[in-house]
Structures are given as structure tokens and as C-alpha cells.
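Encoded as C-alpha cells, the following chain is the form predicted on its own, with no partner shown.
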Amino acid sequence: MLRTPLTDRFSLGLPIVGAPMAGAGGSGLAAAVSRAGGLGMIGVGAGAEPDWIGRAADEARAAAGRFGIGLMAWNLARRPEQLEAALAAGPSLVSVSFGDYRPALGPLQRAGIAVATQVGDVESARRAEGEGVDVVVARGGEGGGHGDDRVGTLPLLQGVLEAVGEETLVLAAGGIATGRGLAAVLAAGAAGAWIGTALLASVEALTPAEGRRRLLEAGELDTVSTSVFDVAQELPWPARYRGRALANAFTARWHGREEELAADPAARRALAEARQEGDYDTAFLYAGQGVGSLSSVTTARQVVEEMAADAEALLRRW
């Protein structure tokens, strides 16, 4: 059995947290990860309404009992109702990342809810520990979706584990897609893994069929960390946080030309239309470098259980 401070703190069977992936990670995926023994997270998008958050939480609770919610810190200043909805939902864990998490920290912890935040450098981990964050997620640049892409997972994890005391749970994120990856970060001292890309092709993910097909065909060299999709959607993401996605014709044309893209309404319309039509030559599929390990459509339970079993076997062998 893979018992760690993470499994003890949240009464989990496995040291795995399903990353909160807005657009792909709804109540079904969160519940499936939790039923498998991990902790599933509901990803809240920038425009998500409080009613949606409440319904997703109710569905995850009814199906699995425990769940978490992921919020974007930069968005809470303009959408404070998302934090209120998360508080009302009563999850086991709320992740507040990509901006100033401090205004949300006190209300969540006073409500008895543990708080996580993702960090991309050692100094940010030290600050998070100093502020009293419960779970620090060392998210390396290999990870899919948004984050700080300046440091890889293993260099970051080593530095964070040296800098942060044992009272703060440290999870590893970015490029962990198999049992070998989980074993590696546990052996390094992480309390668990925060996985996203490994779950994107699962039947419970909200990934469309064509998106699953493209993910299964992609290799580890087929992603790019870029802000072009945010610029085209006019989303005010902080410049520090770019999104790793499958490279396509849109990134080939606009990556590195973001100022021109911002001034091109036709290009922005083209992205919106492509998203509606499921045209992934233009529309985005956020995924990390671990995408090359995806081989088939399966269930989230299979992903989580096989990853944990393979990691345990490796750790016992070593």
C-alpha cells in the first residue's frame, strides 16, 4: 500500500490527486478518481457560474463522497461568487492558483477546507508555506494546461522539498503519466502526484471523441507552451502563466506574434468557430508532455489504479 502524508491527511487509498482541468474535468471525472482511491478535482473555468459549481459538487459528492475544486486566483477578483460557491460546496480541498491566493486562504481555512496552490519556483513555495497553505503543488513546465513553464518537474520538486518543512504537504505535477513517474516523485519525497494529462483520454473526461483521437496520436514532442489561445479569447491571464497544449496550425501561425493576434478580430473569430465545430487544427487541446504515454481510451479508475500498482511494484523492487 502506498501510504503517505497525503493519504493520511485526506483518508485516501492512493497518493494521487486528479488535477482540476477546466473544460475536461467535471464531476464525473472527479468522482471516478475519488472512487478509485485518489482525490478527484472539479476544474472551474473563468466563466463558470456558481450554480454550475454547486451542481458539479453535489454530483461528485453523491457519486464518491469526497472531491476537490480548482479555482483560478486571477479570476476571483472579478468573479468572487466562484469562491462563495466553492465555500458553500464544502469540498475536501480547494486549489487556488495562478495569482494571489491570499484573499481566499482565510475564508477557506476558517470553513475547515484545506487549500492548495501550484508553484513554479522555490521562492513561491517558501511564500506559500509562510502564508499557511496546506498543500504546495510543485508544478513543472512539462505539465499540461496553464502554469509557470520556467523549471522542469524534477529540478523544481527537489528544490521545493528542500525548502519546505514537513508540516506542508508537497505534491509533484508535470509529466507524471505512468507508474514510473509516480514512483519517481514518491521516491524523491513528494507526498503524492497531481495528474492531469494521464486522465484526458478517460471515458469520464469531457474530452470530445476527436480530441481523444488526437491526444492518443500525439507524442511528447507535440506540445507547445503558449499564450495564443488566451490572447485570442481575450482572457486576462497573467503573462507569467502560459498554457501547454497540442501544437497545431493556430499555434504555428500565431505563437510569438501575440500582439498581432490581439489586433486581429478575424483570427479570434476563427478560434471561436473552431471550438464550436471541434476543429482541432485551430482549437486547443491542453495537454502536457506526458501525452506520449497515452495509448488507449480507458476509465479513470484504470488509469489511477494501474499507475499506483506499477509504482508500488517498482518501489518494492528497488
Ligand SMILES: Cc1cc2nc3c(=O)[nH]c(=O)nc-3n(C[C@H](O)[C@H](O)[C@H](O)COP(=O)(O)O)c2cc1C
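Numbering starts at 1 and runs along the sequence shown. Just so we're clear, the structure is a prediction, and the values are computed from it rather than from any experiment.
Note that the form predicted together with the ligand isn't included here; everything after this is about it.
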Notebook entry, point to check: Can residue 95 be called a contact residue for the ligand in the model of the complex at 4.5 Å between heavy atoms?
Noted result: yes
Next item on the list: With heavy atoms only and a cut-off of 4.5 Å, decide whether residue 32 touches the ligand in the model of the complex.
Entry: no
Notebook entry, point to check: At the 4.5 Å heavy atom threshold, is residue 200 in contact with the ligand in the model of the complex?
Noted result: yes
Note to self: Please determine whether residue 145 contacts the ligand in the model of the complex, using a 4.5 Å cut-off between heavy atoms.
What the structure shows: yes
Notebook entry, point to check: What is the one choice in 72, 160, 128, 86 with a heavy atom within 4.5 Å of the ligand in the model of the complex?
Noted result: 72
Note to self: Please identify the residue among 195, 182, 171, 156 with any heavy atom within 4.5 Å of the ligand in the model of the complex.
What the structure shows: 195
Note to self: Given a 4.5 Å cut-off on heavy atoms, tell me which of 75 to 83, 120 to 128, 220 to 228, 173 to 181 is the interface stretch with the ligand in the model of the complex.
What the structure shows: 173 to 181
Next item on the list: Quick one: name the residues from 16 to 34 with any non-hydrogen atom within 4.5 angstroms of the ligand in the model of the complex.
Entry: 19, 20, 21, 22, 24
